[in-house]
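Just one chain follows, in the form predicted on its own, and it is written as structure tokens.
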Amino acid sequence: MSTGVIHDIGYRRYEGARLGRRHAFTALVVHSLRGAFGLGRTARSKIVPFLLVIVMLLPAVVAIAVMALAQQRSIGYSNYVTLMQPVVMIFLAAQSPYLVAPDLRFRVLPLYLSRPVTVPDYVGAKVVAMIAAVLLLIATPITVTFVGELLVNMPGPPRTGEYLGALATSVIYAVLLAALSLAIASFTPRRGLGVASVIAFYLLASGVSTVLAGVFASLTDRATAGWMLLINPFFLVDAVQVWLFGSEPAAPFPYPGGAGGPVALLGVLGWVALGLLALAARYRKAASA
């Protein structure tokens, strides 16, 4: 008759410090931000984000070369993001699903929410990480261009005011685009569908905005054409920038005057609130499933 054996598997109780919700939130932000650029992932995961970063920096390098060789400014700080919006769209479509889809697909969200992380903590960490990633993508080339202008020592005073306005607007871009992209990507646990959904949203918004603005402009109704431009999230933020900082509009038609600036700002706030509410509702549903 066999006898029982007790095996020592080396289990030990955790007796260290319990760092709490704040540390868990910070760790999730850092982990998500690193993952957005492929850090800590496979080499293949780093190709797309770093390639897009390089493409975003190319106009800045060209602008510095033109300033150094011809003593001319070739690109403005205020219209840099709208000029490079296809690159930003691809980054949003490629990286937003990574931040939200895997946890939904593999149903590990209850592990995060066991304690001490809550649904608002989880959603907030993902949003903060995506905002930081987008801000790094769009603010870095603007800053590189400004530093290059200072080093080249162009004639006349540096465009410090325009640079600071563009930097503040970059924060608005990052908040709006991160909230929208994460909300869209969170409604499917499949990364491929998330990528398609995010890029389709921005392409559709850009296409509808351009077509409607062109139609009304051809009918000599440029006021309505300016309103149609605000369908595009990039032009929506640019309209806020024009209103707040008096920069040159990047759109092919002028934005609405008068109440156009405040309405554009309200539109940005409305889209951000809608995106955050959609994210919170999606994750509450996922957590209770």
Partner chain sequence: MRSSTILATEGLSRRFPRVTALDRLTVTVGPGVTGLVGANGAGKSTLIKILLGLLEPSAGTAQVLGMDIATQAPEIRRAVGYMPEHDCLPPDVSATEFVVHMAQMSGLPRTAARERAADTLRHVGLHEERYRSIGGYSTGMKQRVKLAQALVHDPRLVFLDEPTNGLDPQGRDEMLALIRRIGAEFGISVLVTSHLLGELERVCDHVIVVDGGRLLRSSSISEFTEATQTVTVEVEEGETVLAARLRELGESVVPHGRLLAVQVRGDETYDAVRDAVCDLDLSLIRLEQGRRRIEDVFRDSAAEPRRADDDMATTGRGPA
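Numbering follows the first chain given and starts at 1. These numbers come from a predicted model, not from an experiment.
Below: the form predicted together with its partner chain, not depicted.
- Among residues of the shown chain, residue 65 is not one whose heavy atoms approach its partner chain to within 4.5 Å in the predicted bound form.
- Proximity of residue 27 to its partner chain in the predicted bound form falls within the 4.5 Å heavy atom cutoff.
- None of the heavy atoms of residue 218 is located within 4.5 Å of its partner chain in the predicted bound form.
- Put simply, residue 222 is far from its partner chain in the predicted bound form: not one heavy atom of it is within 4.5 Å.
- Only one listed stretch (37-45, 256-264, 53-61, 239-247) carries heavy atoms within 4.5 Å of its partner chain in the predicted bound form, and that stretch is 37-45.
- Checking 113, 90, 75, 132 for any heavy atom within 4.5 Å of its partner chain in the predicted bound form turns up a single hit: 113.
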